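Take a look at this single chain, the form predicted alone, given in structure tokens.
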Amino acid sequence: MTSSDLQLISTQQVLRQLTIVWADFESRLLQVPIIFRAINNQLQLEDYRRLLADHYHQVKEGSGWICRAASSITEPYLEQRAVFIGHATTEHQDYKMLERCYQATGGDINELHKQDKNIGSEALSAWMYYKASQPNPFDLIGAMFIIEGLGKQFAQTFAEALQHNMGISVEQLEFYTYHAEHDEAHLDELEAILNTGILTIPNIRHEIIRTAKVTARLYLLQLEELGNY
């Protein structure tokens, strides 16, 4: 068996473990009040506007912690650093889509800009920047698997439920429908990084899974604490 074969096996093992973490996260996600109400036709437009508002800081800061992570990556991993930088560039303008969605629901953009993070968002942000500041923080692949997985695995279902149950317009759903269409490519990028040999870093496999678990829990906390500033 070649080293390439062993590398591929290691990657697939990590992806299987991440998929298990994702499945647990998704089952809990469906029970979070705001998501449960959206799926079960119990959401009002005001609730959706609150969701957009409380999601805003996380989206705006996403490219920030990815850039921080890229700046923490050193030799011999400069090619992997370039992937992080490219990902941050792609994500950088996402907050503008969310702003448009918020305005389309009748929200005041000035109020959105002034709003504090909810307490769950504070915890998630602190965690992401902390991890991104560590040397060669490739365990963030676990975090990104959870966050990007929301686009691939859940955003379309969520958007369709809102359209069907509430008559939410295309303009009001732009952020979620965009990510439903594009986040699979981001997940492919993560798998490609795993295949570059980083899994030989001591303890990295365990740290990738652990970081995914913590990020999943804090993401749920962000949704559980909507409106709690």
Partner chain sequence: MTDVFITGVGKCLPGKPVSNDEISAIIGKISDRSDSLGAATLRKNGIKKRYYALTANGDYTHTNAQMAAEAIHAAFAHAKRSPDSADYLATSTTQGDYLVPGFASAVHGELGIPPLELASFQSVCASSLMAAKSAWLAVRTHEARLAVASGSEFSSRWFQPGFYQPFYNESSKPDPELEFLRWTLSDGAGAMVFEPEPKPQGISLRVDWIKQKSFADRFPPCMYAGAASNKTTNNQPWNLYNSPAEAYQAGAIALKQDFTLLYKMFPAWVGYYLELLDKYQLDPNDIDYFLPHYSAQSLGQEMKKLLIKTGAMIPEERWFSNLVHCGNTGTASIFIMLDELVKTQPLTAGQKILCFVPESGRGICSFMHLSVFDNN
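Residue numbers count along the first chain shown, from 1. Keep in mind the model is a prediction, meaning the values are calculated, not measured.
Beyond the structure shown, there is the form predicted in complex with the partner chain, which is absent from this document and is the topic of what follows.
Participant: Out of 136-144, 155-163, 99-107, 69-77, where are the residues with a heavy atom within 4.5 Å of the partner chain in the predicted bound form?
Facilitator: Correct option: 155-163.
Participant: Do T200 and the partner chain share at least one heavy atom pair within 4.5 Å in the predicted bound form?
Facilitator: No, no contact at 4.5 Å.
Participant: Should Q44 be counted as a contact of the partner chain in the predicted bound form, where contact means heavy atoms within 4.5 Å?
Facilitator: No, Q44 stays farther than 4.5 Å from the partner chain in the predicted bound form.
Participant: Do R210 and the partner chain share at least one heavy atom pair within 4.5 Å in the predicted bound form?
Facilitator: Answer no; every heavy atom of R210 is more than 4.5 Å from the partner chain in the predicted bound form.
Participant: Would you please decide whether L187 lies within 4.5 angstroms of the partner chain in the predicted bound form, comparing each non-hydrogen atom pair?
Facilitator: Although the partner chain is absent here, L187 would touch it in the predicted bound form, with heavy atoms inside 4.5 Å.
Participant: Which residue among I204, A53, I193, I39 has a heavy atom within 4.5 angstroms of the partner chain in the predicted bound form?
Facilitator: Of the listed residues, the single hit is I39.
Participant: Could you list which residues of 21-58 come within 4.5 Å of the partner chain in the predicted bound form, counting heavy atoms only?
Facilitator: If the 4.5 Å heavy-atom criterion is applied to the partner chain in the predicted bound form, 21-58 yields W22, A23, D24, E26, S27, R28, L30, Q31, F36, I39, N40, Q42.
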